[in-house]
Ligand SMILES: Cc1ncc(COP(=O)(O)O)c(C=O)c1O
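In C-alpha cells, one chain follows: the form predicted alone.
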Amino acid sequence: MNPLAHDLNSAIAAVNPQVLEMLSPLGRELYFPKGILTQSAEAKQLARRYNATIGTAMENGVAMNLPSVMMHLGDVSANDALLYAPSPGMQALRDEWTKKLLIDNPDLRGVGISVPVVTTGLTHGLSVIGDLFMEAGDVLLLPDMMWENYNLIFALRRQVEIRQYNGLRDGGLDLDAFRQALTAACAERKKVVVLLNFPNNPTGYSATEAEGQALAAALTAAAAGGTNIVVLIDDAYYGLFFDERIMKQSIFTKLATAHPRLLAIKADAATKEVYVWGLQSAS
C-alpha cells in the first residue's frame, strides 16, 4: 500500500474505524498524489511572486485566451472557464451547493456532513461511490422496480450481488419486504449496501414521512446489530413532489448521523430539478 493511502486510512480510522471497514479494497488503496495538483493548490495559497507549478499561461493575472473561444461564454470570466478546476470541483460551487442542501433540507443544519464533491454527472457520482465502497461479492439491496443502469454500474462493473425485494404493496412501500431482505443480508454479511431512490425511477413513488421514518429505523437497527450499513441515496429526482403526504426532505436527513456503523451517501444533481439535462454536475 502506498504510504499516502496508509496515512489516509489512518486518518479515517481515527474518526470512525467502521467507515474504513466499509471501503472496498480499491477504496483503501486510493490516494491523492502529492504531485503537480497538490503543489499547484499550495502555490495558489502561498506563492507571492511566481507560480510555476502547472501548465497554464497568465497575462496580468488573467488566463490567456482566444477571443473566438470567449465570445461563446457570455459573462463567464476566463479564469473561471479556462483554468484547471480542483479535482473535487470548484470550491465556490461546492460551497453554494452546500447552502442549497441546507435550504432544501433544514434538518441538516448543525449536522456534521461533508462538503459535496463535484462529478461529471450523477451517474458518474454513483460509479465513484461504487468504486469506493463496493467489491465483488457485496450485497446490494434494491426494490424490484429499479433503474436498469444500476445493473451496469454496480453488478457488471463492481461485481456486486443485487438482491431485489418487493417495492410496493397496497399503494405504498412494502416495508415488510424491505425489512426481511435487510435482515437476511445482515445475517450473511458484515457489510450490506442499500440504495434508496425517491422519487423512484421508474415508478415515480415517493416515500411518506412515516415510511421514511420506518426505513431509517430499520437501517439504524441493522447497524446497531453490528452490520456495517452503506446507504446510497440516489436523489436524481429530488424536488419533484406532488403530494402533501410525502417527505419534503431527503431521507439523507434521517440517516446522516443515525449510527456510527451507518454511512449515508447522498448523490444528487440539478439535472431534473431545474431542467438542465445536458448541463452535468453532481454531488
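What you see is a predicted model, and the numbers here were worked out from it, not measured in a lab. From 1 onward, residues are counted along the sequence shown.
Just so it is clear, the following notes concern the form predicted together with the named molecule, a form of the same protein that is not shown.
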item	value
The named molecule in the model of the complex: contacted by all of 135, 189 and 228, heavy atom 4.5 Å	no
Contact flag, residue 177 vs the named molecule in the model of the complex, heavy atom cut 4.5 Å	no
Close approach of residue 165 to the named molecule in the model of the complex, 4.5 Å, heavy atom	no
The named molecule contact at residue 121 in the model of the complex, heavy atom, 4.5 Å	yes
Residue contact check: residue 97 to the named molecule in the model of the complex, 4.5 Å heavy atom	no
Partner-proximal stretch of 21-29, 6-14, 257-265, 270-278 relative to the named molecule in the model of the complex, 4.5 angstroms, heavy atom	270-278
Contacting member of 218, 63, 236, 246, with respect to the named molecule in the model of the complex [4.5 Å, heavy atom]	236
Contact residue in the model of the complex, from 126, 194, 101, 160 (heavy atom within 4.5 Å of the named molecule)	126
Residues within stretch 146-172 having a non-hydrogen atom within 4.5 Å of the named molecule in the model of the complex	147, 150
